[in-house]
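Here we start with a single chain on its own, the form predicted on its own, put down as structure tokens.
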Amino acid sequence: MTPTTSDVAVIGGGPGGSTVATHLARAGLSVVVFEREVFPRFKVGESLVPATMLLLERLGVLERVERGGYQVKYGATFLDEETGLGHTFYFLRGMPWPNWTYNVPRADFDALLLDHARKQGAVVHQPAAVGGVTFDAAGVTLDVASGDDRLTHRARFLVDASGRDGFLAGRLGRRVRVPNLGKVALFAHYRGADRFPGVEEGNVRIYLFDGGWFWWIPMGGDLTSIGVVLHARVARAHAGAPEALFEAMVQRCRAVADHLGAAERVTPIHRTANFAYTNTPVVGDRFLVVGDAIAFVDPIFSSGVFIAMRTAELAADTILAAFADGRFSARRFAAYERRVGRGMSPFFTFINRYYEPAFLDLFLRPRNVFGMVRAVLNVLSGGSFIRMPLRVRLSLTLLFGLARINTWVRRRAGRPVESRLEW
């Protein structure tokens, strides 16, 4: 590797980094992506939301994705074993996005997106880890290491798409954890797990039980991603190997144990911290942040890849406008930060409410009064970043208001009202 320069440097080659790189390179800017890992690599977060299809089409990669043999998904199934309540939600027809999406093995999907960025003209270095960063009035200087090689890269602008590493937050700002969302996830891929018949085959399944919750994501090639989310203190209290803890949780969740049957685990048990946080700064002089480097939302509603790609798409539009008028100050990017905040806010609200018994009563026994079910599906399909009509916002306000009333009713009746965030 030799010293290089570019218009835009991107730290991270995941869905956010590859998306912003594709849009900027296609518009004529010189773009360099530094990705510390070699693709393909194992990654969790395989379930997409329907609005992702719009982003893939605009990216120019939808046809390649459609040829990828990925599992089609029309909805999601939720079951609470403690209460016996459950419901299957199907994505709506007649929306700006389709009523279906895919479950994707991220190793393959992320590699496809990054390869597409390369084909659009972005220069990709991997493995390449950015160590130091220095900003000045004219741009940014990066210190990059790749094996034994070192280089200094000079760019006019920087995009932090480093995911949960939060590159700029760790050097220029801070990370704030959302209270009570301290969790640990254990997960693996299985072959031969049970499938629902017909159109429900690809449904993501969420199983709540007294120790936490499981995700169950059917994928192509008879693979299924299965993961359990536990409170961090449960994982800390377990002295054995991750495999033993995972198996113990399987046995505590009847539905998962029954559907897993004699399925064969084909990957190791992976472990990751699974907490929600927000990072600062999101914008600054000559930089923007996208995706998980801005914030991480509990994955129960499958929003991760969509948020990464949508914020990257918005970032690309903002950066191109900045290059057009030659202004790169933080103030220039304030509108981007506000729009990202508005798009993410409903996901955080749903996560916080989701664990409350009063809200789960309504969520798992839905009635489409005043369009509340349509409003929920609008958000969970990605609509908060695409289109949130006034009637949708009013319906959500009504839903959360009813949840507060239900909390009062449950408390008066002596029933539990404490959030299950406190597992």
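A quick note: this is a predicted structure, and the numbers were derived from the prediction, not measured. Numbering starts at 1 and runs along the sequence shown.
Form predicted together with a small molecule: not shown, discussed below.
Among residues of the shown chain, residue 39 is one whose heavy atoms approach the small molecule to within 4.5 Å in the predicted bound form.
Under a 4.5 angstroms non-hydrogen atom cutoff, the small molecule in the predicted bound form lacks residue 101 among its neighbouring residues.
Residue 194 falls outside the set of residues with a heavy atom inside 4.5 Å of the small molecule in the predicted bound form. Contact check for residue 385: every heavy atom lies farther than 4.5 Å from the small molecule in the predicted bound form. This chain is displayed without the small molecule, yet in the predicted bound form the stretch 158-166 from 158-166, 260-268, 279-287, 339-347 comes within 4.5 Å of it by heavy atoms. The partner is absent here; in the predicted bound form, the one residue of 351, 95, 322, 128 having a heavy atom within 4.5 Å of the small molecule is 128.
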